[in-house]
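Shown next as structure tokens: one chain only, the form predicted alone.
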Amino acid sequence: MKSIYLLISLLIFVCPAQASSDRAVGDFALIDHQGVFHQLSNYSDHQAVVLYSYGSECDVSSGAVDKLSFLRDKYEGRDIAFLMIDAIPEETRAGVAESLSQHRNDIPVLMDTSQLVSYSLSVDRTGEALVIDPKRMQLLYRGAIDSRAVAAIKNSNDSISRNYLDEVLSAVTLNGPEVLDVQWEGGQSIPFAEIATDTPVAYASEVVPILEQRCVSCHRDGGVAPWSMNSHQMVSGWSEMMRETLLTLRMPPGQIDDAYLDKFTDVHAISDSEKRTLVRWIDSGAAMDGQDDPLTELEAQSSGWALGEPDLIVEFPRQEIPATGVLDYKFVPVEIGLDRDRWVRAYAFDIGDTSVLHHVVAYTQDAKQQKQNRSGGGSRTNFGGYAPGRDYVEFDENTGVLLEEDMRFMVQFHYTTVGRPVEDVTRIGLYFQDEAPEFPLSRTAVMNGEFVIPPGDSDFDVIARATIEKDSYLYNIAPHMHYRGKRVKYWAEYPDGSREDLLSIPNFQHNWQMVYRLKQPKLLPAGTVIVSEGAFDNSLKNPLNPDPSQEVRWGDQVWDEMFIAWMRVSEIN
């Protein structure tokens, strides 16, 4: 009888899903404990997503791991995704991996280091299970995983065992009766000290400095972003979209895995504390304090050049792009006009019309190469290029690229039509240094052009390897894929058999083809193998996919694919 009364008392806290005032769930994205990107909306081809609040030091949630693994196996093949989420501030990936090693488990644990996702879902304790319909972005169930978990926190012997989560999933997959929420009060409390506070966020002194440091360089008049952060009115008007891009990791652009941030300079990143500040400000109404708006007082960039006025500007010939059609790559010779050999310390592009120019690559041709009449631009050496998100490159101190007096550029243009005729005039700006550098730079690449991506494949793996023939320093990596590019990572396999991870981009975005520059050059002994491992999404889930019904191979056009990373290296003599 006691167990029956316990069950009745539990059901007092139960409410039908339809009766809840708000069952909507916002989209979000997080990186898991193994560095893999997950976005809720990417599971829209599933019937449900199970999200379980985990803490490696919590006995309740740790004790449920084996049961979750059992349920995951039970519902395998029935379009149910299982994820865990960890929002405990002290938790680390390594700690989570160690705690899971004691279980038969390969369920990803999403590391909610900013705590914003857990807070937005009102998940304030470990051990709570959420079941979400990712098509409708609706919460189907929240609460205890089973009645024994509830009984344990109430110090009760529950002889009537109910497996709430299993019942919910059975209802989802078999179109059974709706299962009611079961209030959860156990597990470990998750502290939300920096989010759940009544202290107002000051626009002028807290928000604007973050925008200035992280956003305004692109979100400015004439910048690459589609709108300018030039006033409070503009920012507050776009604030809800800002919130969405932060929670789905769409902004800042070209983000690398946070575990690699300390290795690189000039990368786009935003700290967890900064995210919390912006989201708190937006959620509280995005108000402006005081009479003055600091955003209106920020100095506009003095010229179109990201690095200031170049030492030499080379204007490429005007190109006329028709309204429609598929355009092949175009190669155009351009004289540089040097009066002597020069060492380049940086270059930048001033793009005429970004709506049609997919990329431009400036190759060099010395006198010998210019005499070799070959198709496709002839014999040439890669100097540098522009792609979305990569409009300038600075080389490291004591390095540089040599431009010889007799060289010219052979410029490769790749245009796409936009439904109207367009004229494009693009320029390259060169920044020189007077002395020859200690470490002259050259370019090499790791690439694979032999893949065939099947139609509809959402996670097609590709791997590439390149051997470094001579002792060299590695300075930067510039990955390149097209619309179906999904993720990519790089590591070095050294001659002594050891391995070192170099870079990971868990959520590759075609619109941001970045150059990732190491803070310190990496010594690569002769015989080192650089390995690149990535994946393509050729499914309907990829919003950029031109045609998921098509088999895809290497090709020049954006509806084809490439898998390549350019690397700047300097051989050690």
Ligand code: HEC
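For every residue, the number given is its place in the sequence shown, counted from 1. None of these values were measured; they are calculated from a predicted model.
As for the form predicted together with this ligand, it is not shown, yet the points below apply to it.
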item	value
Location of this ligand contact in the predicted bound form, chosen stretch of 351-359, 242-250, 414-422, 460-468 [non-hydrogen atom, 4.5 Å]	242-250
Touches this ligand in the predicted bound form: residue 270 (any heavy atom, 4.5 Å)	yes
4.5 Å heavy atom contact, residue 214 and this ligand in the predicted bound form	yes
Residue 329 within 4.5 Å of this ligand in the predicted bound form, heavy atoms	no
Heavy atom of residue 229 within 4.5 Å of this ligand in the predicted bound form	yes
Contact assignment for this ligand in the predicted bound form, among 276, 219, 342, 482, heavy atom within 4.5 Å	219
Interface residue in the predicted bound form among 298, 225, 338, 180, criterion: non-hydrogen atom within 4.5 angstroms of this ligand	225
Stretch 504-532 - residues with a heavy atom within 4.5 Å of this ligand in the predicted bound form	511, 512
